[in-house]
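Look below for two forms of one protein chain, each set out as C-alpha coordinates: first structure 1, then structure 2.
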Structure 1
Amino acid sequence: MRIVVCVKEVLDPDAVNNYAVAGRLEIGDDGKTLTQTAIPRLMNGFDEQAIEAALRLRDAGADFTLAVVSAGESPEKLLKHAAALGADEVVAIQVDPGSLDYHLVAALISAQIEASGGADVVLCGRQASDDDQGVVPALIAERLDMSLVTIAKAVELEGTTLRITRVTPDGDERVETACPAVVTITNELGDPRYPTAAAKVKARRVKPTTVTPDDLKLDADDLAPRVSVTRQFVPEVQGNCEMLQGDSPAALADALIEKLRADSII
(Lines of atoms letter the chains of each structure in order from A and count residues from 1; the text may use other names and numbers.)
(Lines give C-alpha, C1' and ligand atoms only; values in the text may rest on other atoms or scores of the structure.)
Protein backbone atom coordinates (compact mmCIF):
# COMPACT_ATOMS: atom_id res chain seq x y z
CA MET A 1 0.00 0.00 0.00
CA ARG A 2 1.12 3.54 -0.74
CA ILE A 3 0.04 6.70 1.10
CA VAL A 4 0.93 10.16 -0.25
CA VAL A 5 0.76 13.31 1.87
CA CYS A 6 0.70 16.70 0.14
CA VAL A 7 2.42 19.54 2.01
CA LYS A 8 2.83 23.26 1.39
CA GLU A 9 5.37 25.80 2.61
CA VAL A 10 3.71 28.93 4.06
CA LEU A 11 4.68 32.05 5.94
CA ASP A 12 4.40 31.58 9.70
CA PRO A 13 0.78 32.71 10.30
CA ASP A 14 1.52 33.84 13.86
CA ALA A 15 4.33 36.09 12.63
CA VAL A 16 2.13 37.47 9.84
CA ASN A 17 -0.61 38.27 12.35
CA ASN A 18 1.88 39.98 14.67
CA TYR A 19 3.16 42.15 11.82
CA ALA A 20 -0.42 42.99 10.83
CA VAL A 21 -1.47 43.94 14.37
CA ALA A 22 1.63 46.14 14.71
CA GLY A 23 0.86 47.82 11.38
CA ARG A 24 4.14 46.62 9.87
CA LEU A 25 2.78 44.26 7.21
CA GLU A 26 3.72 45.82 3.88
CA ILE A 27 3.00 44.93 0.27
CA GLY A 28 5.76 45.43 -2.31
CA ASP A 29 5.69 47.72 -5.32
CA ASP A 30 4.17 44.95 -7.43
CA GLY A 31 1.07 45.11 -5.22
CA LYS A 32 1.05 41.34 -4.82
CA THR A 33 3.79 40.16 -2.46
CA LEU A 34 4.93 40.95 1.07
CA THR A 35 8.19 42.79 1.55
CA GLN A 36 9.08 41.31 4.95
CA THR A 37 11.95 38.85 4.64
CA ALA A 38 12.20 38.16 8.38
CA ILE A 39 8.95 36.18 8.52
CA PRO A 40 9.92 32.49 8.77
CA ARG A 41 8.56 29.90 6.36
CA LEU A 42 7.32 26.57 7.63
CA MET A 43 5.07 23.63 6.83
CA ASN A 44 1.36 24.40 6.72
CA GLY A 45 -0.05 23.25 10.07
CA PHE A 46 -2.94 21.26 8.59
CA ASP A 47 -0.50 19.42 6.32
CA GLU A 48 1.64 18.50 9.32
CA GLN A 49 -1.48 17.00 10.88
CA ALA A 50 -2.03 15.04 7.66
CA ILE A 51 1.42 13.47 8.18
CA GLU A 52 0.41 12.75 11.77
CA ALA A 53 -2.73 10.98 10.52
CA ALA A 54 -0.56 8.73 8.34
CA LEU A 55 1.82 8.01 11.20
CA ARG A 56 -1.10 7.03 13.44
CA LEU A 57 -2.19 4.52 10.80
CA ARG A 58 1.33 3.09 10.94
CA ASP A 59 1.20 3.02 14.74
CA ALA A 60 -2.03 1.01 14.45
CA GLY A 61 -0.23 -1.64 12.40
CA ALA A 62 -0.88 -0.58 8.81
CA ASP A 63 1.95 -1.46 6.41
CA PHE A 64 2.54 1.10 3.70
CA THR A 65 5.07 3.32 1.99
CA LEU A 66 4.70 6.94 3.07
CA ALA A 67 5.58 9.56 0.43
CA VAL A 68 5.45 13.31 1.04
CA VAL A 69 5.18 15.67 -1.95
CA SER A 70 5.49 19.46 -2.13
CA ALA A 71 5.39 21.92 -5.03
CA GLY A 72 7.39 25.11 -4.69
CA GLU A 73 10.69 26.85 -5.27
CA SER A 74 12.78 25.28 -2.49
CA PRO A 75 10.73 22.99 -0.22
CA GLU A 76 13.76 20.94 0.90
CA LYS A 77 13.58 22.15 4.52
CA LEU A 78 10.02 21.04 5.15
CA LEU A 79 10.60 17.79 3.24
CA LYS A 80 13.55 16.98 5.51
CA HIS A 81 11.21 17.64 8.44
CA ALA A 82 8.79 15.14 6.89
CA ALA A 83 11.64 12.63 6.56
CA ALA A 84 12.49 13.13 10.23
CA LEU A 85 8.88 12.39 11.12
CA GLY A 86 8.98 9.09 9.22
CA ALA A 87 8.38 9.65 5.51
CA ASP A 88 9.93 6.94 3.34
CA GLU A 89 10.03 9.14 0.23
CA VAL A 90 10.12 12.92 -0.14
CA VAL A 91 9.57 14.62 -3.48
CA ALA A 92 10.08 18.28 -4.40
CA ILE A 93 8.34 19.59 -7.52
CA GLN A 94 10.49 22.58 -8.46
CA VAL A 95 8.30 25.42 -9.70
CA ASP A 96 8.02 29.16 -9.15
CA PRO A 97 5.33 29.57 -6.45
CA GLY A 98 4.39 32.94 -7.92
CA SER A 99 3.14 31.17 -11.05
CA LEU A 100 0.96 28.68 -9.18
CA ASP A 101 -2.77 28.62 -8.74
CA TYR A 102 -4.68 25.75 -7.18
CA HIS A 103 -5.45 24.14 -10.57
CA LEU A 104 -1.76 24.02 -11.45
CA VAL A 105 -0.77 22.72 -8.01
CA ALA A 106 -3.33 19.93 -8.33
CA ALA A 107 -2.13 19.11 -11.86
CA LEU A 108 1.52 18.90 -10.75
CA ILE A 109 0.85 16.78 -7.67
CA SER A 110 -1.56 14.46 -9.49
CA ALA A 111 0.93 13.92 -12.29
CA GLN A 112 3.69 13.17 -9.78
CA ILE A 113 1.48 10.66 -7.96
CA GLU A 114 0.69 8.89 -11.23
CA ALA A 115 4.33 8.94 -12.35
CA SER A 116 5.50 7.39 -9.08
CA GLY A 117 3.10 4.45 -9.22
CA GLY A 118 -0.14 5.94 -7.91
CA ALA A 119 -1.51 6.03 -4.38
CA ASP A 120 -4.05 4.11 -2.34
CA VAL A 121 -4.64 7.07 -0.01
CA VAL A 122 -3.83 10.77 -0.48
CA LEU A 123 -3.86 12.84 2.70
CA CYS A 124 -3.96 16.66 2.64
CA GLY A 125 -4.50 19.40 5.15
CA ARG A 126 -8.03 20.77 5.04
CA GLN A 127 -6.68 24.11 3.74
CA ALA A 128 -3.54 26.23 3.65
CA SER A 129 -3.04 28.87 6.32
CA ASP A 130 -2.03 31.52 3.78
CA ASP A 131 -4.98 31.51 1.38
CA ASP A 132 -7.52 29.32 3.29
CA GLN A 133 -9.08 28.00 0.07
CA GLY A 134 -8.92 24.23 0.53
CA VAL A 135 -9.51 23.58 -3.18
CA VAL A 136 -6.45 21.49 -4.15
CA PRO A 137 -7.54 18.18 -2.49
CA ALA A 138 -10.84 18.16 -4.40
CA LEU A 139 -9.06 18.85 -7.69
CA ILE A 140 -6.57 16.04 -6.99
CA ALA A 141 -9.46 13.65 -6.29
CA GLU A 142 -11.12 14.67 -9.56
CA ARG A 143 -7.93 14.24 -11.60
CA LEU A 144 -7.09 10.85 -10.07
CA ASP A 145 -10.72 9.64 -10.07
CA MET A 146 -10.68 9.03 -6.31
CA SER A 147 -13.30 9.39 -3.60
CA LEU A 148 -13.02 12.57 -1.51
CA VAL A 149 -13.70 12.83 2.22
CA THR A 150 -13.18 16.21 3.88
CA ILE A 151 -12.48 17.62 7.37
CA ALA A 152 -11.47 14.33 8.99
CA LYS A 153 -10.45 14.27 12.64
CA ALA A 154 -9.69 10.53 12.70
CA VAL A 155 -8.77 7.99 10.03
CA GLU A 156 -8.70 4.21 10.38
CA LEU A 157 -7.59 1.70 7.77
CA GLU A 158 -8.76 -1.90 7.58
CA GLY A 159 -7.62 -3.71 4.47
CA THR A 160 -8.65 -1.41 1.63
CA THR A 161 -11.44 0.29 3.59
CA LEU A 162 -11.09 3.68 5.27
CA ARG A 163 -13.24 4.54 8.27
CA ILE A 164 -13.24 8.27 8.80
CA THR A 165 -14.67 10.54 11.49
CA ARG A 166 -15.63 13.91 10.01
CA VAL A 167 -16.22 17.17 11.83
CA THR A 168 -19.49 18.85 10.83
CA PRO A 169 -21.53 21.77 12.24
CA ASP A 170 -24.07 19.21 13.48
CA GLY A 171 -21.53 17.00 15.24
CA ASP A 172 -19.18 14.21 14.25
CA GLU A 173 -20.04 12.03 11.27
CA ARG A 174 -18.72 8.51 10.67
CA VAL A 175 -18.22 7.44 7.03
CA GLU A 176 -16.56 4.60 5.14
CA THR A 177 -15.00 4.58 1.71
CA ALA A 178 -12.93 2.15 -0.31
CA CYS A 179 -9.42 2.98 -1.42
CA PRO A 180 -8.22 4.83 -3.40
CA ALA A 181 -9.39 8.01 -1.72
CA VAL A 182 -8.34 11.57 -0.92
CA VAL A 183 -8.89 12.64 2.70
CA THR A 184 -8.43 16.13 4.13
CA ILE A 185 -7.35 16.41 7.77
CA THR A 186 -8.56 19.06 10.19
CA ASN A 187 -6.98 20.40 13.36
CA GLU A 188 -9.37 18.38 15.55
CA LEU A 189 -7.04 15.44 14.85
CA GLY A 190 -4.81 16.78 17.62
CA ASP A 191 -1.25 17.99 17.93
CA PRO A 192 1.29 16.42 15.56
CA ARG A 193 4.31 14.69 17.05
CA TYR A 194 7.82 16.08 17.11
CA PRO A 195 10.67 14.17 15.45
CA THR A 196 13.33 12.74 17.73
CA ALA A 197 16.80 14.28 17.82
CA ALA A 198 18.26 11.16 16.20
CA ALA A 199 15.66 11.29 13.41
CA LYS A 200 16.40 14.96 12.75
CA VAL A 201 20.12 14.24 12.46
CA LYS A 202 19.46 11.35 10.10
CA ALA A 203 17.08 13.49 8.00
CA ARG A 204 19.82 16.05 7.35
CA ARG A 205 21.41 13.56 4.96
CA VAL A 206 18.15 12.98 3.08
CA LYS A 207 18.11 14.45 -0.41
CA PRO A 208 14.59 14.91 -1.77
CA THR A 209 13.79 13.59 -5.21
CA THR A 210 13.48 16.65 -7.43
CA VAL A 211 11.23 16.81 -10.47
CA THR A 212 10.19 19.65 -12.76
CA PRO A 213 6.95 20.27 -14.67
CA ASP A 214 8.78 19.15 -17.83
CA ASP A 215 9.54 15.78 -16.20
CA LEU A 216 5.83 15.27 -15.55
CA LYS A 217 4.93 15.69 -19.24
CA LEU A 218 1.93 17.94 -18.64
CA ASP A 219 0.35 19.67 -21.62
CA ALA A 220 0.13 23.42 -22.07
CA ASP A 221 -3.43 23.63 -20.73
CA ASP A 222 -2.43 21.93 -17.47
CA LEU A 223 0.51 24.32 -17.02
CA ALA A 224 -1.55 27.47 -17.62
CA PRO A 225 -2.84 29.06 -14.38
CA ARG A 226 -6.56 29.78 -14.45
CA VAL A 227 -6.48 32.23 -11.53
CA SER A 228 -3.95 35.03 -11.04
CA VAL A 229 -3.45 37.51 -8.22
CA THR A 230 -4.06 41.07 -9.39
CA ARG A 231 -3.71 42.83 -6.04
CA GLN A 232 -3.05 42.03 -2.42
CA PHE A 233 -3.58 44.57 0.33
CA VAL A 234 -3.73 44.90 4.10
CA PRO A 235 -7.22 46.12 5.08
CA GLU A 236 -7.58 49.00 7.47
CA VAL A 237 -9.30 47.87 10.65
CA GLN A 238 -10.91 50.49 12.84
CA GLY A 239 -12.44 49.84 16.23
CA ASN A 240 -14.88 52.06 18.11
CA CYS A 241 -15.38 51.83 21.84
CA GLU A 242 -18.31 53.42 23.67
CA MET A 243 -18.20 53.59 27.45
CA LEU A 244 -21.53 53.09 29.23
CA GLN A 245 -22.31 55.02 32.38
CA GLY A 246 -24.16 53.74 35.43
CA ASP A 247 -24.17 54.03 39.20
CA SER A 248 -24.45 50.28 39.79
CA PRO A 249 -23.94 46.98 37.96
CA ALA A 250 -27.70 46.75 37.46
CA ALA A 251 -27.80 50.21 35.90
CA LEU A 252 -24.90 49.32 33.60
CA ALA A 253 -26.69 46.11 32.57
CA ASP A 254 -29.86 48.07 31.77
CA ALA A 255 -27.87 50.57 29.73
CA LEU A 256 -26.16 47.77 27.81
CA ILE A 257 -29.48 46.08 27.02
CA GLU A 258 -30.97 49.36 25.81
CA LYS A 259 -27.94 49.93 23.58
CA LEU A 260 -28.10 46.42 22.10
CA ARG A 261 -31.81 46.83 21.40
CA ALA A 262 -31.25 50.22 19.79
CA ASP A 263 -28.66 48.65 17.49
CA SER A 264 -31.10 45.76 16.70
CA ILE A 265 -28.61 43.22 18.04
CA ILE A 266 -31.23 41.78 20.41
Structure 2
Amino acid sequence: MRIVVCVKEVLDPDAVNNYAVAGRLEIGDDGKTLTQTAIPRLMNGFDEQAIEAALRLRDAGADFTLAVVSAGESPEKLLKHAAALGADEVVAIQVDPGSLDYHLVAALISAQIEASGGADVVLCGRQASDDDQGVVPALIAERLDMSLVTIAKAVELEGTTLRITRVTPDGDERVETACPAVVTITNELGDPRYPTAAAKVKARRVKPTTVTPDDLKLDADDLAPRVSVTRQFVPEVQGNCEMLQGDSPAALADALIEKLRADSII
Protein backbone atom coordinates (compact mmCIF):
# COMPACT_ATOMS: atom_id res chain seq x y z
CA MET A 1 0.00 0.00 0.00
CA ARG A 2 1.13 3.55 -0.76
CA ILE A 3 -0.05 6.74 0.92
CA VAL A 4 0.78 10.15 -0.51
CA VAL A 5 0.46 13.33 1.55
CA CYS A 6 0.43 16.69 -0.26
CA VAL A 7 1.95 19.62 1.61
CA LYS A 8 2.23 23.32 0.85
CA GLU A 9 4.48 26.02 2.21
CA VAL A 10 2.61 29.11 3.43
CA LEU A 11 3.33 32.34 5.28
CA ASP A 12 2.75 31.87 9.00
CA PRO A 13 -0.95 32.82 9.29
CA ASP A 14 -0.57 34.05 12.87
CA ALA A 15 2.16 36.44 11.80
CA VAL A 16 0.01 37.63 8.90
CA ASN A 17 -2.83 38.21 11.38
CA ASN A 18 -0.56 40.19 13.67
CA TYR A 19 0.50 42.48 10.83
CA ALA A 20 -3.13 42.85 9.76
CA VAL A 21 -4.28 43.74 13.28
CA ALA A 22 -1.51 46.31 13.57
CA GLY A 23 -2.62 47.78 10.23
CA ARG A 24 0.79 47.02 8.76
CA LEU A 25 -0.07 44.38 6.19
CA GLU A 26 1.15 45.73 2.87
CA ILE A 27 1.09 44.60 -0.72
CA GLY A 28 4.23 45.10 -2.80
CA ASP A 29 4.77 46.99 -6.04
CA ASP A 30 3.59 44.04 -8.11
CA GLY A 31 0.18 44.57 -6.52
CA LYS A 32 -0.04 40.89 -5.65
CA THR A 33 2.32 39.76 -2.93
CA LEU A 34 2.67 40.65 0.71
CA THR A 35 5.80 42.70 1.31
CA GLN A 36 6.53 41.44 4.80
CA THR A 37 9.68 39.39 4.23
CA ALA A 38 10.02 38.87 7.97
CA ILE A 39 6.99 36.57 8.08
CA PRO A 40 8.22 33.00 8.56
CA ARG A 41 7.34 30.37 5.97
CA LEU A 42 6.09 27.09 7.30
CA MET A 43 4.06 24.02 6.44
CA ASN A 44 0.34 24.68 6.13
CA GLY A 45 -1.13 23.57 9.47
CA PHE A 46 -3.81 21.30 8.01
CA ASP A 47 -1.13 19.58 5.87
CA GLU A 48 0.93 18.89 8.97
CA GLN A 49 -2.20 17.25 10.37
CA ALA A 50 -2.56 15.24 7.15
CA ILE A 51 0.91 13.79 7.80
CA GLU A 52 -0.19 13.14 11.38
CA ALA A 53 -3.24 11.24 10.06
CA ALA A 54 -0.91 9.00 8.03
CA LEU A 55 1.37 8.43 11.02
CA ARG A 56 -1.61 7.42 13.14
CA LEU A 57 -2.54 4.83 10.51
CA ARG A 58 0.99 3.49 10.82
CA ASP A 59 0.72 3.50 14.64
CA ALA A 60 -2.45 1.44 14.26
CA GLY A 61 -0.52 -1.21 12.36
CA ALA A 62 -1.18 -0.35 8.71
CA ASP A 63 1.69 -1.27 6.41
CA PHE A 64 2.41 1.26 3.69
CA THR A 65 5.01 3.41 2.00
CA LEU A 66 4.56 7.05 2.92
CA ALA A 67 5.41 9.63 0.26
CA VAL A 68 5.18 13.36 0.91
CA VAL A 69 4.93 15.66 -2.10
CA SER A 70 5.12 19.42 -2.41
CA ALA A 71 4.93 21.71 -5.41
CA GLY A 72 6.52 25.11 -5.10
CA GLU A 73 9.70 27.10 -5.22
CA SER A 74 11.84 25.42 -2.58
CA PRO A 75 9.94 22.96 -0.46
CA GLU A 76 13.14 21.32 0.92
CA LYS A 77 12.58 22.53 4.47
CA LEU A 78 9.08 21.12 4.66
CA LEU A 79 10.18 17.88 3.09
CA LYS A 80 13.02 17.41 5.58
CA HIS A 81 10.47 17.87 8.35
CA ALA A 82 8.30 15.21 6.67
CA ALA A 83 11.30 12.87 6.38
CA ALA A 84 12.08 13.37 10.08
CA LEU A 85 8.50 12.42 10.90
CA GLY A 86 8.84 9.15 8.99
CA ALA A 87 8.12 9.76 5.30
CA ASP A 88 9.82 7.12 3.16
CA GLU A 89 9.90 9.25 0.04
CA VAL A 90 9.92 13.02 -0.22
CA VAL A 91 9.34 14.66 -3.57
CA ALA A 92 9.75 18.29 -4.58
CA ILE A 93 7.95 19.39 -7.73
CA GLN A 94 9.91 22.47 -8.71
CA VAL A 95 7.79 25.20 -10.25
CA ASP A 96 7.65 28.95 -10.22
CA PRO A 97 4.85 29.69 -7.76
CA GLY A 98 3.93 32.81 -9.73
CA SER A 99 2.69 30.68 -12.63
CA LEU A 100 0.80 28.16 -10.54
CA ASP A 101 -2.93 27.85 -10.64
CA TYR A 102 -4.94 25.19 -8.85
CA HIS A 103 -5.47 23.05 -11.92
CA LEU A 104 -1.75 23.05 -12.61
CA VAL A 105 -0.88 22.09 -9.03
CA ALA A 106 -3.38 19.25 -9.21
CA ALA A 107 -2.10 18.19 -12.64
CA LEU A 108 1.51 18.15 -11.42
CA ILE A 109 0.77 16.23 -8.23
CA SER A 110 -1.52 13.76 -10.02
CA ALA A 111 1.06 13.14 -12.74
CA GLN A 112 3.76 12.66 -10.13
CA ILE A 113 1.59 10.18 -8.24
CA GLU A 114 0.90 8.22 -11.41
CA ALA A 115 4.54 8.25 -12.46
CA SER A 116 5.74 6.98 -9.10
CA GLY A 117 3.58 3.93 -8.51
CA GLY A 118 0.16 5.44 -7.81
CA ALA A 119 -1.51 5.90 -4.45
CA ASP A 120 -4.10 4.02 -2.44
CA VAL A 121 -4.77 7.04 -0.24
CA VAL A 122 -3.97 10.69 -0.89
CA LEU A 123 -4.13 12.84 2.23
CA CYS A 124 -4.31 16.65 2.04
CA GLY A 125 -5.09 19.48 4.41
CA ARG A 126 -8.66 20.76 4.02
CA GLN A 127 -7.36 24.07 2.63
CA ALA A 128 -4.20 26.17 2.63
CA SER A 129 -4.15 29.00 5.15
CA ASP A 130 -2.90 31.51 2.56
CA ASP A 131 -5.44 31.37 -0.27
CA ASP A 132 -8.05 29.33 1.67
CA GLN A 133 -9.20 27.79 -1.63
CA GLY A 134 -9.15 24.09 -0.75
CA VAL A 135 -9.78 22.96 -4.33
CA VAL A 136 -6.62 20.99 -5.13
CA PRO A 137 -7.72 17.79 -3.33
CA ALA A 138 -10.98 17.67 -5.31
CA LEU A 139 -9.15 18.33 -8.57
CA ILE A 140 -6.70 15.50 -7.79
CA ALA A 141 -9.62 13.16 -7.01
CA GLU A 142 -11.15 13.98 -10.39
CA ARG A 143 -7.89 13.52 -12.28
CA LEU A 144 -7.07 10.20 -10.65
CA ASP A 145 -10.69 9.03 -10.54
CA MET A 146 -10.61 8.53 -6.79
CA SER A 147 -13.38 9.03 -4.27
CA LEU A 148 -13.20 12.18 -2.16
CA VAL A 149 -13.91 12.57 1.55
CA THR A 150 -13.54 16.10 2.93
CA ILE A 151 -13.10 17.56 6.42
CA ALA A 152 -11.99 14.37 8.18
CA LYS A 153 -11.01 14.34 11.84
CA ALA A 154 -10.27 10.63 12.17
CA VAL A 155 -9.17 8.11 9.57
CA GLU A 156 -8.94 4.33 9.98
CA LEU A 157 -7.87 1.75 7.47
CA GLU A 158 -9.17 -1.80 7.39
CA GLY A 159 -7.78 -3.73 4.47
CA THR A 160 -8.56 -1.42 1.58
CA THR A 161 -11.56 0.21 3.24
CA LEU A 162 -11.27 3.65 4.82
CA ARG A 163 -13.47 4.44 7.81
CA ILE A 164 -13.61 8.15 8.33
CA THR A 165 -15.20 10.54 10.80
CA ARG A 166 -16.13 13.81 9.13
CA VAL A 167 -16.91 17.08 10.88
CA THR A 168 -20.16 18.53 9.50
CA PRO A 169 -22.37 21.47 10.52
CA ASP A 170 -24.74 18.90 12.03
CA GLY A 171 -22.08 17.12 14.05
CA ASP A 172 -19.85 14.16 13.28
CA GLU A 173 -20.65 11.84 10.41
CA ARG A 174 -19.13 8.38 9.93
CA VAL A 175 -18.47 7.28 6.37
CA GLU A 176 -16.74 4.45 4.53
CA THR A 177 -15.10 4.35 1.17
CA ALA A 178 -12.91 1.97 -0.77
CA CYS A 179 -9.37 2.89 -1.72
CA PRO A 180 -8.17 4.65 -3.76
CA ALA A 181 -9.43 7.83 -2.13
CA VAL A 182 -8.46 11.43 -1.49
CA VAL A 183 -9.14 12.51 2.11
CA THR A 184 -8.86 16.08 3.42
CA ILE A 185 -7.96 16.63 7.07
CA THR A 186 -9.30 19.29 9.43
CA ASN A 187 -7.86 20.74 12.64
CA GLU A 188 -10.21 18.66 14.80
CA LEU A 189 -7.81 15.76 14.14
CA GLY A 190 -5.67 17.22 16.92
CA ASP A 191 -2.07 18.25 17.38
CA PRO A 192 0.55 16.85 15.04
CA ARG A 193 3.59 15.21 16.65
CA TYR A 194 7.14 16.55 16.60
CA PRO A 195 9.98 14.53 15.16
CA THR A 196 12.55 13.19 17.63
CA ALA A 197 15.91 14.93 17.79
CA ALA A 198 17.63 11.85 16.35
CA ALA A 199 15.20 11.67 13.44
CA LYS A 200 15.76 15.36 12.73
CA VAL A 201 19.51 14.89 12.55
CA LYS A 202 19.09 11.93 10.22
CA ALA A 203 16.64 13.84 8.02
CA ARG A 204 19.20 16.59 7.43
CA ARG A 205 20.95 14.26 5.01
CA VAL A 206 17.76 13.40 3.12
CA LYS A 207 17.71 14.83 -0.39
CA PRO A 208 14.21 15.16 -1.81
CA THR A 209 13.62 13.70 -5.25
CA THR A 210 13.23 16.71 -7.50
CA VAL A 211 10.98 16.70 -10.53
CA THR A 212 10.08 19.47 -12.96
CA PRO A 213 6.92 19.94 -15.04
CA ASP A 214 8.96 18.71 -18.04
CA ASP A 215 9.70 15.41 -16.30
CA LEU A 216 5.99 14.89 -15.80
CA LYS A 217 5.15 15.34 -19.49
CA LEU A 218 2.03 17.44 -19.03
CA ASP A 219 0.25 18.50 -22.19
CA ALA A 220 -0.45 22.08 -23.21
CA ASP A 221 -3.98 21.97 -21.84
CA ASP A 222 -2.72 20.91 -18.40
CA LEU A 223 -0.16 23.68 -18.40
CA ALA A 224 -2.56 26.44 -19.46
CA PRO A 225 -3.50 28.48 -16.39
CA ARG A 226 -7.22 28.94 -15.91
CA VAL A 227 -7.04 31.29 -12.97
CA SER A 228 -4.52 34.07 -12.50
CA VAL A 229 -4.10 36.49 -9.64
CA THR A 230 -4.28 40.04 -10.89
CA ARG A 231 -4.29 41.84 -7.59
CA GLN A 232 -4.30 41.41 -3.84
CA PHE A 233 -5.42 44.07 -1.39
CA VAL A 234 -6.06 44.57 2.28
CA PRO A 235 -9.74 45.28 2.93
CA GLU A 236 -10.62 48.18 5.14
CA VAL A 237 -12.39 47.59 8.41
CA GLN A 238 -14.90 50.21 9.48
CA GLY A 239 -13.73 50.80 13.05
CA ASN A 240 -16.67 52.63 14.56
CA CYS A 241 -16.98 51.23 18.04
CA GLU A 242 -18.76 52.99 20.89
CA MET A 243 -16.82 52.15 24.05
CA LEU A 244 -19.21 51.85 26.98
CA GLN A 245 -18.19 53.45 30.24
CA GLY A 246 -19.02 52.53 33.81
CA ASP A 247 -17.26 52.45 37.15
CA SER A 248 -18.04 48.82 37.94
CA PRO A 249 -18.70 45.59 36.07
CA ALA A 250 -22.35 45.89 37.13
CA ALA A 251 -22.65 49.41 35.71
CA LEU A 252 -20.98 48.37 32.45
CA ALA A 253 -23.28 45.35 32.13
CA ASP A 254 -26.36 47.51 32.75
CA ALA A 255 -25.13 50.05 30.19
CA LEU A 256 -24.74 47.40 27.52
CA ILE A 257 -28.07 45.69 28.14
CA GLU A 258 -29.81 49.10 28.11
CA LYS A 259 -28.20 49.96 24.77
CA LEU A 260 -29.28 46.66 23.24
CA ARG A 261 -32.83 47.11 24.54
CA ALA A 262 -32.97 50.70 23.30
CA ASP A 263 -31.88 49.49 19.84
CA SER A 264 -34.59 46.76 20.03
CA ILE A 265 -31.90 44.16 19.45
CA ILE A 266 -32.97 42.15 22.49
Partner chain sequence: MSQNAVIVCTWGEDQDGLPVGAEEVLHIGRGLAADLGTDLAWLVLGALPSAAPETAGRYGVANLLQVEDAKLESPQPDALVAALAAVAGERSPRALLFHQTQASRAVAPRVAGRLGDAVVMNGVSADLSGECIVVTASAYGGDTRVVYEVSGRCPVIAFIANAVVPEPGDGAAVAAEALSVDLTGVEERVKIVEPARFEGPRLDDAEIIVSGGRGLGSSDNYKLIEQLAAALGGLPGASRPLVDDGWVDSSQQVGLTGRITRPNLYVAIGISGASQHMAGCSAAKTLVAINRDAEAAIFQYAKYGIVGDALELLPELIRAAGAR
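C-alpha atoms forming the largest set that superposes within 1.5 Å between two forms make up the rigid core. This structure is a prediction, so every number in the text was calculated from the model and none was measured. Reference numbering: structure 1, starting with residue 1.
Working note: structure 2 is the copy from the form predicted in complex with its partner chain; the remaining copy is not. Taking the rigid core as fixed, one finds a CA shift for residue 18 smaller than 2 Å between structures 1 and 2.
Once the two forms are overlaid on the core, residue 255 shows a Cα shift of 6.3 Å between structures 1 and 2.
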